Every structure is written in C-alpha cells, then in structure tokens.
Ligand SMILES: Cc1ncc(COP(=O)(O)O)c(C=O)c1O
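Encoded as structure tokens, the following chain is the form predicted on its own, with no partner shown.
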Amino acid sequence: MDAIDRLKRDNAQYLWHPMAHPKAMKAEGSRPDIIARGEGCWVWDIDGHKLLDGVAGLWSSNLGHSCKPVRDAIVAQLDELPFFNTFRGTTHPRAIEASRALVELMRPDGVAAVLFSNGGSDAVEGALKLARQYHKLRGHKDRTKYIALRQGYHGVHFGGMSVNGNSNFRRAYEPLLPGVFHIDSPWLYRNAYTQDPEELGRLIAGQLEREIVFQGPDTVAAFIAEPIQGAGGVIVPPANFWPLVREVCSRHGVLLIADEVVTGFGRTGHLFGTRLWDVQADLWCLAKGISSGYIPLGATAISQAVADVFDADATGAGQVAHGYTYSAHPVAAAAALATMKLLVEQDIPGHVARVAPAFQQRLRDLKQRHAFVGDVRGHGLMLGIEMVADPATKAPLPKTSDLPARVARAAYRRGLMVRVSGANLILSPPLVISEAELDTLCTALEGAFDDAASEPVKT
C-alpha cells in the first residue's frame, strides 16, 4: 500500500469528521477529498487534481492560500514568541496590537474593546455570556433569555447550539440551554406571509417585538442573528429588517448581537455585514476571515455602551470570568494583524463590491436553465443555490435525494470545490478571486448542473 492509499484508508479509520456520520466515512466507495496543497484561489487534492476553491476553505481563506505577508508574519512570530497566555495581567505585544487594530477597524461601528478566543463558536459563547453579565451589572438579574432566528447558525457550543435555528444541529444534544426562543427568519423565498420584501421585514421585526413583550422585556438579555444567514442557506434579509430590529432592541433594552463570523472582514463588499444595513450592534461575533483562516482565531467585539457598564463597576462583578488558554494566541494575533492590514491596503471589500454583481447575476440564470433550481440568492461573494422537487410549489427535495451531492461531485470533477448544506449548494470563494477566476467558477458550476440534469434523480 502506497502513502496515498494509506492516507485514504486511515482517514476513515482514525478521523471523525465534523458534521458527518463516522460510519458513512467508512462506507464502501466513500472517498475523502484530501486537500494537499493550496496556492492563491486554487487547491490540489492528494491525487494531483486541481480545483478552484469555491468555499475559501470554509468561509475563511479570504486572502487565498499563499498570502506571503500573512505567512511571513506567522514565521516571524514563531521565531520571536510561539506562545504565551493573556490571563489577567499577563499579555504579549501581538495581543495588544491586534486588539487595537481591530478596535480601530471597527471604530465606525462603535466598538471599544475586544475579547479574543479560538474561533466562531467561542466568539458566540463569549457574546452570550457577556450579554447576561452586562444586565446583571445594571441590576437587571432577570434578563437571561435569548431570542434568535430560525435557520440561524451560531456554532456548536451549548450556548451556540441553543440559539441555532436548525434542529439538525440541536436534536442529538438536547436538552439545551433553557430560556431560548426563536422567531421566523426574514426569508423571502420561504415564508408564510408575503413576497413583498418591505412587508416581510416589518412582519418579522414585529414578531421580534411581540416575543420580547410576551416574554417580558425585563427578562430578555439579547437578540442574536447573522446579518446574512450563512449555513442556513445564504438567506439575505429585506433591507429594512436590521434597522427595524435595531429600533426594537433599543426600545426594550435588549442587546443586539451580530454574528459576523461569516460576513465579517469583507465578504459582503463591506468590512462588516451590519454596515450593509447601516446598523450598529452591541456585541459582534468574529472569526474565520479575521486571520484569513491561517491560524484559528475568534473575537467578541464589545460596543462602547457595553464596555462603559463594565468600566463603571466597583464591586468586582465586572470581572470577565471567561477566556481560553489560547485567547489572542501570539501566532494567531500576528496573522490577524497582517490580514487586517491587507484588507485595508488592498481595499478587499471594494474588490468584492466590484466583482460580485456579475457573479451573482450570472448564477441566477441557473433558475431558467434547470427546473430543479428553486432559488438563487446571495450578496457579495456569498451565494446559495436551493434545489427543489417542484419549483412551482417550492416543494423541497426529499432528504434522501442525492441530487445536491451529485452536483457537488460533478463540480469536483470539473475542477471546482463547492459545499452542500441540505438542499443548498453554497459558494464562498476567496475574496481576492479575480474576474477571470470567477468566470471559470461559473462555467464549471453551470457544467456541473448540466451533468446532474442529464442523470435520473434518485430519491
């Protein structure tokens, strides 16, 4: 057995994959996509097959796979100080510099401070905990509840799973955190109310207010949502939704948590997704693009209004009893510093804003080309394609349908890596992708849908 065959065998034998059944990885005919090398917007699997990375690793490799300034910052930091902690009074230069750089980047959003962690799930956990602590410091000890959106995704810790709006991520681990309530998502394609975006925005913001009032405003700590829902199927809310949500939260003293793990750092054509709607949150959850995926890093950004309450505490109750051994890891902080510098110097959000409209428009044509494409939606360099059984009735695909997987495998054969989430095919390429590479991506994906359409659908 050669080295490549051994890796393929050992993958199923020893490695449990996130979001996969261990038995499925061992099934006869199951083959892992072992990615062995990357350069720019391209990756190569272990068999030498070249693929355009249509998922940026996992919403993460925004600067591509061979960004020399980020690589050099990592190497220099390894030579200087590979690790030290930031607990209490201990810290290191990169933690201080990265926190200042991030706060300066988010100064227009009203951010005053940042609490670093290891990834997106950690960032959500930090935001949920800080929200409760904030209210306790203000004497509102009963404000412990959270409200979130159906279809929302907020990670895999118990707090994040509890506010997740998809039972697929919850069912196996219930019971979860009590005091969590969900309202409908402002999902234009699938809602029971209207196909008018403005009306839908008002209706769902109204749902939020009614839920807050029903629960008792003095019991609700925070509302958490993604500016654009990612894993739930790239659901773009109506333009009026977030401004209305901000008004509702402010009216009732409820903190607004923006989960920007996916939308942060340029993916929407703005540095942060909340800027799409000209809205300031109270807490932000950040990860993925913060270090371009080179080293794991997460962060909870804290508004000036929230920070002021902690600063004013004289009882000791404002101690942040939360954090991780690797919070603000020096190597990760160095990668983040280099990433943030390049985001600004190269105007990465501006590049996304320039190239994304043609990309979005071209793939929307798949609805006219294939009857099983129900909806194509997205913004910036994030796009979701929902496959259906009947476009006239929007009847969903049976869960047993292999159609999304067959489209993904056809794309792989044509040199494109995509991601499947339920009936949705999701694209999130590196933000540095060129117009020519986007053209290559679209051509490969169109061919993959044609390939899938030529085969009988299995249900």
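Position 1 is the first residue in the sequence shown; the rest follow in order. From a predicted model like this one, the values you see are computed outputs, not experimental measurements.
Keep in mind the form predicted in complex with the named molecule is missing from the figure; the text below concerns it.
P349 falls outside the set of residues with a heavy atom inside 4.5 Å of the named molecule in the predicted complex. Of the heavy atoms in V124, some are within 4.5 Å of the named molecule in the predicted complex. The named molecule is not shown here, but in the predicted complex it comes within 4.5 Å of a heavy atom of V261.
At a distance threshold of 4.5 angstroms between non-hydrogen atoms, E226 is in contact with the named molecule in the predicted complex. Partner contact region in the predicted complex: 151-159, out of 176-184, 85-93, 310-318, 151-159, criterion any non-hydrogen atom within 4.5 Å of the named molecule. This chain lacks the partner; the member of G266, P237, G384, G120 within 4.5 angstroms of the named molecule in the predicted complex by a non-hydrogen atom is G120. Annotation for 288-308: the only interface residue with the named molecule in the predicted complex is K288 [heavy atom within 4.5 Å].
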